[in-house]
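Coming up is one lone chain in structure tokens, specifically the form predicted alone.
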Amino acid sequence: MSKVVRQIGFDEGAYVAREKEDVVVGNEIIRHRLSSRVIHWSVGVSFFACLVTGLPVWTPVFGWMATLVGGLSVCRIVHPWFGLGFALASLAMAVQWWGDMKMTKEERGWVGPKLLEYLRDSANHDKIGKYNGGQKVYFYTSKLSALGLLVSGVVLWFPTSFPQWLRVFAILLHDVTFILFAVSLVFHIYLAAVAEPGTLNSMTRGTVSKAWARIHHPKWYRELMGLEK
């Protein structure tokens, strides 16, 4: 996505927030345009729908959730459709963010030991652009998770069309992928809502403060302010 290095007024900013991003508006920066936010929340809402309709089918422990949608039989019917919606929203997100998620040389070592540094928001700090290495790793792993859930879900949706060994493998893949994705999602929500105050605002109003950008994504901030050589 191209960077628009200019400052505009608040009146124009309300419109630009729907169409563009990486634009300075007074003391704020438009980080995510409207289409990005809609896609992001579509992924979140569709996954939550999958969660509510899938957990009662997975184990009786969550059977009480089935009453929220009309019963276990309804869960079995609508869960695959919600899963398909989640997969399509994830595909749209992959297309939307792909250009911004290319790993830089400094970010390619973020798997493993760098994870703890990511949680402390300190890894390669001065070189962090619009998205840091941890966010990019999460992007790729979440898209792989969506693919895994889709492929295994199709097998479970039409079980009689596949051999037994593939059905067993699909059950294992679906369960493991869901657990790993759900755990990573908890960390994602924690980082956005608690660890880095102001981050959630970028996915609601679409903006972050200049101070937030300078602290958490200094390279991106310098680029937007024309300070990056």
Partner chain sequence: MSVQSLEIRRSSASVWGSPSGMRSVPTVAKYIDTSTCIGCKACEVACQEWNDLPPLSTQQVGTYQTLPTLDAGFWNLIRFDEREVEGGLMWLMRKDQCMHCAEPGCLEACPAPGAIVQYANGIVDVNQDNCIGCGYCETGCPFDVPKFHAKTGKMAKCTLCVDRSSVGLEPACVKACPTGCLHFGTKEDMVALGSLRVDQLKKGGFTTAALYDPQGVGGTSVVTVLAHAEHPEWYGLPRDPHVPLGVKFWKKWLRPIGFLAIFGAIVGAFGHHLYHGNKGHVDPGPVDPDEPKA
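Residue numbers count along the first chain shown, from 1. Every value quoted in this text rests on a predicted model; they were computed, and no experiment measured them.
Below, we turn to the form predicted together with its partner chain, even though it does not appear here.
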Should residue 143 be counted as a contact of its partner chain in the predicted bound form, where contact means heavy atoms within 4.5 Å?
-> no
With heavy atoms only and a cut-off of 4.5 Å, decide whether residue 35 touches its partner chain in the predicted bound form.
-> no
Using heavy atoms and a 4.5 Å limit, would one call residue 159 a contact residue for its partner chain in the predicted bound form?
-> yes
Even though its partner chain is not shown here, does residue 167 get within 4.5 Å of it in the predicted bound form, heavy atoms only?
-> yes
Name the stretch, out of 96 to 104, 67 to 75, 133 to 141, 82 to 90, where some heavy atom lies within 4.5 Å of its partner chain in the predicted bound form.
-> 67 to 75
Contact set, 175 to 196 vs its partner chain in the predicted bound form - heavy atom within 4.5 angstroms = 175, 176, 178, 179, 182, 183, 186, 187, 190, 191, 194, 195, 196
